[in-house]
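This document opens with one chain alone, in structure tokens, the form predicted alone.
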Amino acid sequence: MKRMIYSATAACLIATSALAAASTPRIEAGWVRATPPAARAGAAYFNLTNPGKAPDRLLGGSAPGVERVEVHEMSMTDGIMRMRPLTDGLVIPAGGTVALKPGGYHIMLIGLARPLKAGESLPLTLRFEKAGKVTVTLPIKTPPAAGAH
């Protein structure tokens, strides 16, 4: 009897682990913008895919040497570019992908302890409503000049 209980428990743990892995958001093509020496804020960008069967929500996160990690949106209204935090987070549809990129959704890194230098990397822990915490290490890059190919 004990053997059956142990086997059933092990099977449940394996199934739960497989289900969690299948619904863990994927972060791809990520990078962090290098900052000038006196900058107190930076930004991170990536493609975020939700392989799960239900929507999830990116709520924010944390990173070493950063006071706050927030989800922001830039939008154009009446010819004026505006940036605002998404206090309720960013919904990632089930089976969908959302691009966090310059000029749109992005991660704001607020209260930098030091500049973000090209060639280094930044470990970033993202917090999701359902998936919990997901950590990724992103390269820090200097973006190409506007109009450059």
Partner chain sequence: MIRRRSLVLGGLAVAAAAAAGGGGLLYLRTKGGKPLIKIGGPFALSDVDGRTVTDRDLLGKPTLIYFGFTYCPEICPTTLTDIGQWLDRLGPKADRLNVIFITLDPERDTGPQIKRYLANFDPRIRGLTGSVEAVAAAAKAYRIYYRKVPLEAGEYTIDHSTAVYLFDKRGEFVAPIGYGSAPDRAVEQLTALLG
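Here the structure is a predicted model, which means the values were calculated and not measured. Residue numbers count along the first chain shown, from 1.
A second form of this protein, the form predicted together with its partner chain, is not displayed here; the remarks below concern that form.
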>> Whether G65, G119 and L124 jointly form a contact site for its partner chain in the predicted bound form is the question; each needs a heavy atom within 4.5 Å.
In response: no
>> Within 4.5 Å, heavy atoms only: does A29 come near its partner chain in the predicted bound form?
In response: no
>> Against its partner chain in the predicted bound form, would R40 count as a contact residue? Criterion: heavy atoms within 4.5 Å.
In response: yes
> Heavy atoms within 4.5 Å of its partner chain in the predicted bound form: does I80 have any?
Replying inline: yes
> With the cut-off set at 4.5 Å between non-hydrogen atoms, does P85 touch its partner chain in the predicted bound form?
Replying inline: yes
>> Only one of M108, V91, A94, A99 gets a heavy atom within 4.5 Å of its partner chain in the predicted bound form. Which one?
In response: M108
